[in-house]
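Only one chain is given next, in structure tokens, and it is the form predicted alone.
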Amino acid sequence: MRIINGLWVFYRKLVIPSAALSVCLGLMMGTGMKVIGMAGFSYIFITPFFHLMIYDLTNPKEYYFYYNLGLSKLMLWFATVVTSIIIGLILMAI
């Protein structure tokens, strides 16, 4: 349970900026019902970008907090990629 809570704390910083930019890109690239699909497609690529920007370039020492919770950097990257693919595919299927 502690690992899931740690992942949520980690991913919480990525959700809002990734979703906001994905919706903006979806509105620019899609028309009609394709807006949600394009937002999902862009979410898949935007979320790892924000992970890189927020955690690797801006706050690299924050990884120590998650490491103390039992989450390695590799596990956090894996969780980011898998979660963004799942959310993106769900949005693309709508």
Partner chain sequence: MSGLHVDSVTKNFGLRQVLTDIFISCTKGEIIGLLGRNGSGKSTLLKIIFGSLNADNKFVKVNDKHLKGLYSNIDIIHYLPQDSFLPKHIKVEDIIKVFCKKQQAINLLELELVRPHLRKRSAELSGGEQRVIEVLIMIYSEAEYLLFDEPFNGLGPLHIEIIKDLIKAHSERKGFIITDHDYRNVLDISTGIILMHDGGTKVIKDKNDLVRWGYLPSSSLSNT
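Positions refer to the first chain, counted from 1. Being a predicted model, the structure only gives us computed values, none of them experimental.
Quick note: we don't show the form predicted together with the partner chain, though the next part is all about it.
Query raised in the report: So in the predicted complex, does T31 come within 4.5 Å of the partner chain, heavy atom to heavy atom?
Result: T31: no, not in contact with the partner chain in the predicted complex.
Query raised in the report: Is the gap between Y66 and the partner chain in the predicted complex 4.5 Å or less for some heavy atom pair?
Result: Because a heavy atom of Y66 falls inside 4.5 Å of the partner chain in the predicted complex, the answer is yes.
Query raised in the report: Does any heavy atom of P17 come within 4.5 Å of a heavy atom of the partner chain in the predicted complex?
Result: No, P17 stays farther than 4.5 Å from the partner chain in the predicted complex.
Query raised in the report: Though only this chain appears here, would E62 touch the partner chain in the predicted complex if you measure heavy atom gaps against 4.5 Å?
Result: Looking in the predicted complex, residue contacts with the partner chain include E62, since a heavy atom lies within 4.5 Å.
Query raised in the report: Does any residue in 1-35 get within 4.5 Å of the partner chain in the predicted complex, counting heavy atoms only, and if so which ones?
Result: Contacts from 1-35: R2, I3, N5, G6, V9, R12, K13.
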